[in-house]
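Take a look at this single chain, the form predicted alone, given in structure tokens.
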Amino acid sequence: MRGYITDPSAPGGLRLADDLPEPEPAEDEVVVDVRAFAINRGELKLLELRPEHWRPGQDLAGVVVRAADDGSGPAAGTRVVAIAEGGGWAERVALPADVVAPLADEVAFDQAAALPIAGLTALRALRIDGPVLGRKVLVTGATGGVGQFAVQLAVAGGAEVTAQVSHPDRSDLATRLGAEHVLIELRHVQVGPFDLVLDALGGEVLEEAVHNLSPGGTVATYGNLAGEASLSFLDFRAAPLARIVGFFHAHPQDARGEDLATLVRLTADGRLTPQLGSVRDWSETRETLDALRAREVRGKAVLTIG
């Protein structure tokens, strides 16, 4: 079986091996024939940290070729989307049945592969403070991997959404995603204060977001592309009882398949449209990684197999 492994002697530290063992599923696992996988920005760091012969890959879509022996999960032949702990950049992978969701016919494999980590992060962060109907929500890094889903999901939930983007040329995309307001800077904001902030950036952007919180408001922060933030209790003087929550997509772990199914349903009915910034054959995985490092990809980077 073919699949990518870390190899310090290979270009970019990554090698497409052709002698990997076939998956040996546990009783509650399905085997998926991978048709597409997505690369998350966090995986760039994982590739540097993991040992030799580590097998990367978290976001994937494909077809079940072996159902779970215990009867859980989808049947063989079912198109699915899934989130793996690793090993997804390969032709086949074994996965617990509860991290797999069936794919509607309307959702293509490349679209589905873009959903897991970014989509789960956005969906679960939006839920952190209750329903968003009628509330003011700010999404920073709004056209990035998570931000694009956060804007669309917040709009679908009935929020008044403000998108913060890094450059004016990204404003049109933020508007197409459904944002009512688009900002570059968060100083002297006229459309707040915000009940909920979903923050991918950290740094000064997070600091300014806190200054624009409503009393009792919440910031869910899940990235620090802009560096570390420097905050003290005085930054909350306009927003007493506000809070910052460090957010990770994997929690709660026992509902990931259910939440993936929600993302699939919203994609199938048109309320959620994954923005694919790059779709290439998986033989170009190293080139795609280089493009991500150079910040040349807007939206999700997806690789297809077969």
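The numbering used is simple: start at 1 and walk along the sequence shown. As the structure is a computational prediction, the values presented were derived from the model and not from experiment.
The same protein has a further form, the form predicted in complex with a small molecule, not shown here; the description that follows concerns it.
Shown alone here, L201 lies within 4.5 Å of the small molecule in the predicted bound form, counting heavy atoms only.
In the predicted bound form, the small molecule lies within 4.5 Å of some heavy atom of R170. Heavy atoms of S166 reach within 4.5 Å of the small molecule in the predicted bound form, making it an interface residue. For the chain shown alone, R35 is not a contact residue for the small molecule in the predicted bound form, no non-hydrogen atom being within 4.5 angstroms. From the list 129-137, 91-99, 68-76, 142-150, the contact stretch for the small molecule in the predicted bound form under a 4.5 Å heavy atom rule is 142-150. Of the candidates A104, A156, L225, V191, L225 is the one whose heavy atoms come within 4.5 Å of the small molecule in the predicted bound form; the others do not. Contact with the small molecule in the predicted bound form, defined as a heavy atom within 4.5 Å, holds for exactly one of A108, V182, A229, I117, namely I117.
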